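In what follows, one protein chain appears twice in different forms, each by itself as structure tokens: structure 1 and structure 2.
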Structure 1
């Protein structure tokens, strides 16, 4: 049912309600009593008026509820339908990107096959590598969809469970080591102290934050990505460092904005969804911590060194924060 017909239904219901009420109230004047001895309120017209009134009210209530649900504000002044639309737009585009890359290589190989009757081994390997490389992108995107929907619920509390952050970092490193190698990068991680121990927090969220940070670093690094896990008396800190070109100062305030990518300011085609860092920083806040960025461009330093560091700090024990 569209919004227009809902409005018509609402006004029709209101009219019927008013007519019913009028019939009921005016029944002593316009009706004919069944018998002269009976009081006005048992006249048939009063009953008919009451029933019409109730029916009208019912239609009004139902149409109001439907309209209210449709325009319910989810968060940040956006309606549910806007949020849903946003997701479809974002993911139709983002899910398509890995697929486009795979299809591009596949079609190129097929064209060569049709033309010459055979495909070089190099081409096949390229296609296979592309498919393998895009798998982590799909994995991350599936998770990003889920987390984004979760983040819309402003009342949701993070889980609190015993988590081994060193094991999580190691798992993320395992996942990204082959990708880094393929891109000619060296990815290393370490933790201090070496027996890091457990923290109480949201393991799923932590895994997702680290994954997004490492994914981002592996996109921009020139040769090295480092993940370091350390702790203070009350927090643990995950530092993700890469030796990429660094962030232009004017980009820094936007880096955690939803949907922002560096290509946006250059009006070039977006190479990523611009959701990873937004998600990581939103999750960090939800878990009672914060995500900060520090960056240096080569012309900013005398040594010519350039880097970007993301520092994620979270409480060692989130049991009290969650309460």
Structure 2
């Protein structure tokens, strides 16, 4: 099997996986026209989506196993089988929590339906709201795995295209506003100058970096997340600030390590896969920039102030970096 065939196989597997996931998420909407009862057909459609998702995942695994036979070792001394295992461990971990939230609402609706023969509009709305709130998590999970695969190619260069950073920040903010609202957070963003203009860079990578930073901030903030977009003569800067508890000083050097989370040092259950910040930092370096972190614990501040700030700096014109 040649390289082109492998790419087609991986793409087909990822496509089927995404279709299965979308089928699962949209099962309440699909069930309504089929059954005439919004809640009745949710579970069968959800099961079909789960099966399609697993089939797609199997295709992707097979493609990686073929690569393993052809290429025994990749960067860092890990075999392709280890890389494959890492990717799907990440899939299982990141998918687990949003699925449990959605399925919890579904089970509530099912129990009420079995007991009364009908489901209230309020319960249906709650289920649909939960699907909407968890959709960004699924989107980010799939994108993280895709980017991890791309990062294994050390010779890959960032794309260069005209990009509107202000529009990207606004889109990310719009995606996470419902999530922030559900968690009782205020999410705001602003840029200076207000007419920011275009830069030349990798729009997909920039969107992914900002998404991971905002996702991380929304998990740990106490009540407020702020995204700032500014620029200098040669760079533009995205700053993501949250008023969370802050980072222990000894944790800061490890915050961008692949798979590391603060729970590891306490031997507690991981609340995230530890990949988002690693991916954001790796993409920043590939695009000719850097990602820095500053944090303040409330215990270490006389004023009691606590926060964490991630500062992403990238060139305004990435055409020279790409060359």
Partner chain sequence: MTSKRSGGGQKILVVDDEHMSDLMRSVLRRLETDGFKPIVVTPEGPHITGDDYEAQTLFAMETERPAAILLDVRFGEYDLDRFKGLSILKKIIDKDGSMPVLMFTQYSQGPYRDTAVNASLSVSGSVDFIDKLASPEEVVLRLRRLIGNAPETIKIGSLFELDADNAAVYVIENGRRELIREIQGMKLEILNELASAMYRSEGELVPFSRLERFSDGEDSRASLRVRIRELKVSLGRAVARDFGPNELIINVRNRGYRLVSPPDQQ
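This structure is a prediction, so every number in the text was calculated from the model and none was measured. Each form is matched to the other, and the largest set of C-alpha atoms that superpose within 1.5 Å is called the rigid core. Residue numbers count along the first chain shown, from 1.
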Form predicted on its own - which displayed structure it is: 2
Threshold 2 Å Cα movement between structure 1 and structure 2 at residue 106, rigid core reference: yes
Residue 234: Cα shift of 2 Å or greater between structure 1 and structure 2 (core-aligned): no
Residue 194 C-alpha moves between structure 1 and structure 2 by 2 Å or more, core aligned: no
Following rigid core superposition, Cα shift of residue 117 between structure 1 and structure 2 in Å: 8.5
